[in-house]
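Shown next as structure tokens: one chain only, the form predicted on its own.
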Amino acid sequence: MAVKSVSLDRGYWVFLLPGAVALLLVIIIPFLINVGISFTAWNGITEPTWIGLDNYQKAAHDKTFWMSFQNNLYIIVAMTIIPTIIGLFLAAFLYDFVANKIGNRVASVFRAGYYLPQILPVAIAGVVWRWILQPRWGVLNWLLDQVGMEPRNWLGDADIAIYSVMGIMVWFQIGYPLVIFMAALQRVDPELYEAASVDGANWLEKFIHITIHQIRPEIFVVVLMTLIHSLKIFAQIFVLTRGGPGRATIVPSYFAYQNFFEKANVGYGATIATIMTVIIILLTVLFINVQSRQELREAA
């Protein structure tokens, strides 16, 4: 019996269709609607009024808008730069020393402990941190008082509130790069370390010249994902400070929320959301291009 050959390059679009439809309905169409609203003056109830680029011109001269971006730079440091660096060293320490000298189970316990903040509900974690940093009876101020240091209003003082939020965000975020990097370290060829040891390289030299180089794709992924997360951070700011005191901890996503739901200035809120989306898309394309060029250079 003759068996009819089936072309392998046909029919795959059927399997892609559900995902494409979901992408269209959940992301593309709402984004296009949001872009359209950004060109209007609308309170969310009455008919929107077309005003063209007025909202974008307003954003360009809005001090609160630019301050929210300035605060977002602090959040990027706390959620991307610091956790990535600490996560690299912690992952290498747990993989090279704890797992090898004490045991994989102990390393797994530490890894799970560092990752725990990632799976805790943000509302619960935020409330606990507000208790810890409470100016009158918080644990942190109690500890400072025990050693003779002056208590501070950690989330209520405009001069230090953003730094307090940064510290909390490092705690929230550090588990994600740690887990990714520990998984990445398992694919590094041990013979590379052995050859480097024969040549007299110490641990730090092997870490810089072998480990970081070998897990570079994972570092790109971690930086990109945490950068996107930091640019659209909302829940932690909402729970901890509501953008205060004053505008000390306001970020673009919370500023957009204020205009959407508190000030009934939906058009301006859509403008802020559109600008943030475009920035995230551009950064994503940039990171992917940089990584692709790096891989092509290494393959050549």
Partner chain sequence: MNASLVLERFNKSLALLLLTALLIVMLFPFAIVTINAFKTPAEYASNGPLSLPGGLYTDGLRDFWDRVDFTNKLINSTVISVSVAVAGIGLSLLNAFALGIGRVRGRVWFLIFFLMANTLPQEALAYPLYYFAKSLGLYNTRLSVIIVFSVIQSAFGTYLLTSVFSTFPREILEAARIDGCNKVQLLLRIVTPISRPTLSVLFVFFFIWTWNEFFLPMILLVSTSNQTVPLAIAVLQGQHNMDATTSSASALLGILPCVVFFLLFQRTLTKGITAGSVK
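For clarity, a rigid core is taken as the largest C-alpha set superposing within 1.5 Å between two forms. Residue numbers count along the first chain shown, from 1. These figures come from a predicted structure and were not determined experimentally.
There is another form of the same protein, the form predicted together with the partner chain; it is not shown, and what comes next is about it.
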(request) Determine whether any heavy atom of Ile51 comes within 4.5 Å of a heavy atom of the partner chain in the predicted bound form, and answer yes or no. (result) no
(message) Taking any heavy atom pair closer than or equal to 4.5 Å as contact, tell me whether Lys58 reaches the partner chain in the predicted bound form.
(response) no
(request) May I ask you to check whether Gly246 falls inside a 4.5 Å heavy atom distance of the partner chain in the predicted bound form? (result) no
(message) Under a 4.5 Å heavy atom criterion, is Val239 part of the interface with the partner chain in the predicted bound form?
(response) yes
(message) Is it true that Thr64, Val223 and Leu227, all three, sit within 4.5 Å of the partner chain in the predicted bound form, judged by heavy atoms?
(response) no
(message) Among the candidate stretches 106-114, 69-77, 158-166, 189-197, which one is within 4.5 Å of the partner chain in the predicted bound form when only heavy atoms are counted?
(response) 106-114
(message) For a quick check, can you give me the residues of 222-238 that have a heavy atom within 4.5 Å of the partner chain in the predicted bound form?
(response) Ile228, Lys232, Phe234, Ala235, Phe238
(message) Following rigid core alignment, is the displacement of the Leu25 C-alpha between this form and the one not shown equal to or greater than 2 angstroms?
(response) yes
(message) Using a rigid core superposition, assess whether Thr284 undergoes a CA shift of 2 Å or more between this form and the one not shown.
(response) yes
